[in-house]
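Take a look at this single chain, the form predicted alone, given in structure tokens.
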């Protein structure tokens, strides 16, 4: 398998941290940069968390660029403290660091890097799509120069996790999502139809602690801390001790699309409704005349989980 040239966009909370470690540690990824956005936490906190996770993985070589602090329209609703904790990583305390993000803004970095590597870059967005919407506004032509966008977001047949029909990343900035889905960019949508089917549990934490390579003790302690916090949060919300692997699955699909099965759909984003605000809708009454996204509808949970754990333990 050849390396995937990747830009990863995150709102670094707990599952983003696992996705970051997967991308930073995988030999299958050439990570050209990480961009940050508001969402689980403020963009400032997401940037700090991202820098710290990159340091933890020994990857100070990967640039981190700060992006949008609010949606295209309106204001940000604030951090998701009950799921990700006060600092987005379950209250985990990192050592002090002098490392700062790059001076370039996320959207400018995306435009420049795509144009420097035409048809070579896979964009992986596991938060709101705001930075990409800003990048498209600066240069609509990048839509035809991106190899693929893999996004964690949306729900085709699965119920939503913010409203009955809307998933959090799309709901958090549906206007940005609409611009992205209408851009003509090749899109793979890794939504709740597949991410909710993958459950991490206590045995996975135990394996990371047990099998982490020598020198990775701090990484193992971090993973153990944040996942235990995450599992307890999901237990309070849903009565089950464990959690889906939302963001790591999107990174894995960008690396190896065979982890999932897809269907071609014409995804429309609802931006005007009340109950349906942020929904990802497809007309499934017949074969669509046009399509704009490959939507993931099934996942090989065992093979994905094995890959994730094997990379995390390196």
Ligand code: RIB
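Positions refer to the first chain, counted from 1. Computed from a predicted model, the values in this text were never measured in an experiment.
Only in words, not in the display: the form predicted in complex with the named molecule, which the text now covers.
Is it the case that 11, 152 and 167 all touch the named molecule in the model of the complex, with a non-hydrogen atom of each within 4.5 angstroms?
Each of the three qualifies.
With the partner removed from view, which of 198 to 206, 71 to 79, 85 to 93, 240 to 248 is the stretch that lies within 4.5 Å of the named molecule in the model of the complex, judged by heavy atom distances?
Heavy atoms within 4.5 Å of the named molecule in the model of the complex occur in 240 to 248.
Report whether the minimum heavy atom distance between residue 40 and the named molecule in the model of the complex is within 4.5 Å.
Looking in the model of the complex, residue contacts with the named molecule include residue 40, since a heavy atom lies within 4.5 Å.
Residue 161: heavy atom within 4.5 Å of the named molecule in the model of the complex?
Yes, residue 161 sits close enough to the named molecule in the model of the complex that at least one of its heavy atoms falls within 4.5 Å.
Do residue 121 and the named molecule share at least one heavy atom pair within 4.5 Å in the model of the complex?
No, residue 121 is distant from the partner.
Test of understanding: in the model of the complex, would residue 126 fall inside 4.5 Å of the named molecule by heavy atoms?
Taking the distances in the model of the complex, the answer for residue 126 is yes, it comes within 4.5 Å of the named molecule.
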